[in-house]
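In the form predicted alone, a lone chain appears below as structure tokens.
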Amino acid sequence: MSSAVSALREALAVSPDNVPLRVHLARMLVEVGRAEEALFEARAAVARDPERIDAREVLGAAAGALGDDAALVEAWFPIRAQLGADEVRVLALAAARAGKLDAAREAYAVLHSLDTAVHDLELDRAMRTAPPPAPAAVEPAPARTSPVRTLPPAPPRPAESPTAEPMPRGTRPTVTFADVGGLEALKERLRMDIVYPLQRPDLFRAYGKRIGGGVLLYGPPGCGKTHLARAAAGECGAKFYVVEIQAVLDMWLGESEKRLHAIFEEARANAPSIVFFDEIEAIGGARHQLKHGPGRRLVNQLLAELDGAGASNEAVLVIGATNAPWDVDPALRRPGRFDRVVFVPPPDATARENVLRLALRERPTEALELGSIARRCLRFSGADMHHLVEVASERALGEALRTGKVRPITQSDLLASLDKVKPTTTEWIETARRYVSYANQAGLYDDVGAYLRSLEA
């Protein structure tokens, strides 16, 4: 199965806009228990074709495997009328647990339309409301004997689309670079690109430097791109807006562009601020790969916002994070947009040791030799190191449950975990190696090339 997954990934590297292929890969990843990777691939498929039912089905399957209620609502709420009763009930519970009470009530209404006598106490308790009234105009879904392939005619357009997530609101993160293990050279570069311009705008203006602009963080999944962006915002006390694809995409023509513009307008009104795009390729994908108008219009809107067309982006910094920089539209990387491109590699041995120390700091431990563990974790991402600690903790916890006494995590627990936890960056590194070898004429991947050579040294 692993070879089949690798083959599919190689095919997607050549044809990243092939939605059926991406759906097939996501389904296969769910089947082999790699739900987090499946969630990423399914989200990318839905972003490219929001009306594709099988993409939403596999997105829901991945979300269910991970217990991610918000992702399950994102996947199934737009197709609630096409789901069976059991799936609708799962959707309603997930929406309630995620705090999306309007979506929970609407899913409950669909469930009621399938069985007018239904009265689900667990749902009632989850929503903390009395049972909702019978729905006014929800058509019963037909019995599902095969996957649905088409959507019913769209309902009349409401004043506010029910499928869109609420617009992101800015927060002030409390994490700082002190909470990021290692990566000192990278953190200093981010201080110069992100922190210092917002902390000392007077000095930057004196040298003719713009206060704002864009920084693109790229690298393997699990290496802390989101954590670094949040820590940078915490360092300079800026408002931090996290923009995910479901917060922008809308089924109605022109609404996605309006939502994207509204996010930038709020960030400008609350400058200094940082707008962070997770998986930027989902919104700013290469336009030559986008066959449909909506995707191209959204990229054009993002370009206009980055240029500050009709508004000032002074003290508004935009950070994009991506695992696939080769899928990002080249126009986003020109000067004045994401003109600073930063490679976030898997942590080195010193950084891995620091990550281990941070992950263990609130757990019972004996004296540990973390350096020797870190040196054996070549190619491990930060997320892999945290997973290593989780597995070691479970080993100690299992004994504590049998004896009734807390036992500290030992060196042998960590060593035993190394047999079970393997690096998840390997496939990304091999894909990046091909781009370094055959598509690096502009030097974009020079940092990746240097990292690859360090692995061979």
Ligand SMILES: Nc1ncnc2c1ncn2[C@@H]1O[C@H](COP(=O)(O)OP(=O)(O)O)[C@@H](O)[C@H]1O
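Everything numeric here is computed off the predicted structure, so don't read it as measured data. Start at 1 and count along the sequence shown; that's the residue number.
Keep in mind that the form predicted together with the named molecule is not shown, yet the notes after this line are about it.
Colleague: Taking the shortest heavy atom distance, is P272 within 4.5 Å of the named molecule in the predicted complex?
Modeller: Close contact is absent here: in the predicted complex, P272 is far from the named molecule, nothing within 4.5 Å, heavy atoms only.
Colleague: With a cut-off of 4.5 Å between heavy atoms, is V355 one of the residues that contacts the named molecule in the predicted complex?
Modeller: V355: contacts the named molecule in the predicted complex.
Colleague: Can you check whether P173 is within 4.5 Å of the named molecule in the predicted complex, heavy atom basis?
Modeller: No - in the predicted complex, heavy atoms of P173 and the named molecule never come within 4.5 Å of each other.
Colleague: Evaluate T350 for contact with the named molecule in the predicted complex, applying a 4.5 angstroms cut-off between non-hydrogen atoms, and reply yes or no.
Modeller: Because no heavy atom of T350 falls inside 4.5 Å of the named molecule in the predicted complex, the answer is no.
Colleague: Please pick out the stretch from 71-79, 263-271, 214-222, 87-95 that is in contact with the named molecule in the predicted complex, where contact means heavy atoms within 4.5 Å.
Modeller: Partner-contacting stretch among the options: 214-222.
Colleague: Pick from G181, G234, P325, P197: which has a non-hydrogen atom within 4.5 Å of the named molecule in the predicted complex?
Modeller: The option sitting close enough to the partner is G181.
Colleague: Answer with one of R379, H386, K258, R296: the residue that has a non-hydrogen atom within 4.5 Å of the named molecule in the predicted complex.
Modeller: Result of the distance check: H386.
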